[in-house]
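As a starting point, one isolated chain is supplied in structure tokens, in the form predicted alone.
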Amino acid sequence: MTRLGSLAPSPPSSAVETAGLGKRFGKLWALQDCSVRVPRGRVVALVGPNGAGKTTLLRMLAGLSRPTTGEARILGRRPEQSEEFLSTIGYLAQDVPLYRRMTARQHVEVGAGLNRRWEGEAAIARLEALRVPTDRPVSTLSGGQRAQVALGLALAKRPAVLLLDEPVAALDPLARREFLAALAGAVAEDEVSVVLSSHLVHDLERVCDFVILLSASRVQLCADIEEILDTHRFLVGPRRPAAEIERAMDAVSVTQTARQSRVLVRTDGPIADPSWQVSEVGLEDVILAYMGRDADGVEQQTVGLGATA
């Protein structure tokens, strides 16, 4: 049996694995009891509200921050600031760290001297195919073009795991689409595993097939997107006490009006009670419901004049 906070040797199929991982800053926990496992070859959407611990998790996975509790492994190795470990990952921070006076080509040349596995020519070819100027200072490029340069540099390392922290947050819709298309192409070509942090669930659905949802500094979901959609349903029926609903089913959120109860429920089978109208849900609906929960469990809302809890 694996002890909480201590991982057994990871199988080759595991890209990312954590057990009881936590990070505390003074008296504040930025992340607690984070236990996840992501198979290799997945593109993971890391989602959650501000302050949920997304950046904290990515920094620990990249070896830039040490955990307060628990343990993490990337491809079976503990994150550390060693050449051997760093050569296996690519990490793109939220602020897209580039030297503003240098060109994309100069960035590629510098990278060649810092990385033992480096595909500089492929990076330049990828940028030129996207019509990103490679001989102008990056300060003169658009936000979308700078993001493409940063992605190209991260991919030039030929990483087995790519960690991206809000790479499209400041981009307009067209630039976001182009960035995600480039990422999807690179994943298909190089078979890299990706953990992509973002608030933009609709955009993530285009490229991601796995979700890690953090809320209240804890893991709420960690599963394939198809599995999440298959195991959640939206129910509408006559109003009944919220406590009764919670006893009868695994309710994620309960919204009450004067006459109706509307419930997002997690279930592995059909709903037997014929008083409920059952419908499928979208990924964004599920994620928002889990994000709306407090640390104690079900999200509850009362809607409409005269409604009572």
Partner chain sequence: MSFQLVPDSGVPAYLQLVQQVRQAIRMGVLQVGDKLPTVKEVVTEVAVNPNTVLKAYRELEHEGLVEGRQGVGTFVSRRPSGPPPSTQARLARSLERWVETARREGLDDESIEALLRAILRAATPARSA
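Residue numbers count along the first chain shown, from 1. Here the structure is a predicted model, which means the values were calculated and not measured.
One more form of this protein exists, namely the form predicted together with its partner chain; it is left out here, but the text below deals with it.
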Check your understanding: If we take heavy atoms and a 4.5 Å cut-off, which stretch out of 82-90, 204-212, 133-141, 233-241 is in contact with its partner chain in the model of the complex?
Key -> 204-212
Review point. Could you tell me if Gly76 has a non-hydrogen atom within 4.5 Å of its partner chain in the model of the complex?
Key: no
Check your understanding: Taking heavy atoms and a 4.5 Å cut-off, does Val219 contact its partner chain in the model of the complex?
Key -> no
Practice item. State yes or no: in the model of the complex, is some non-hydrogen atom of Ala170 no more than 4.5 angstroms from a non-hydrogen atom of its partner chain? Key: no
Point to revise | Contact flag, Leu264 vs its partner chain in the model of the complex, heavy atom cut 4.5 Å | key: no
Review point. Exactly one of Ala181, Ala112, Met102, Ala125 has a non-hydrogen atom within 4.5 Å of its partner chain in the model of the complex; which residue is it?
Key: Ala181
Exercise for review: Just give me the single entry in Leu61, Leu283, Val43, Ala30 that has a non-hydrogen atom within 4.5 angstroms of its partner chain in the model of the complex.
Suggested key: Val43
**Study point:** Heavy atom within 4.5 Å of its partner chain in the model of the complex - qualifying residues of 173-199
**Key:** Arg177, Leu180, Ala181, Ala184, Gly185, Val187, Ala188, Glu189
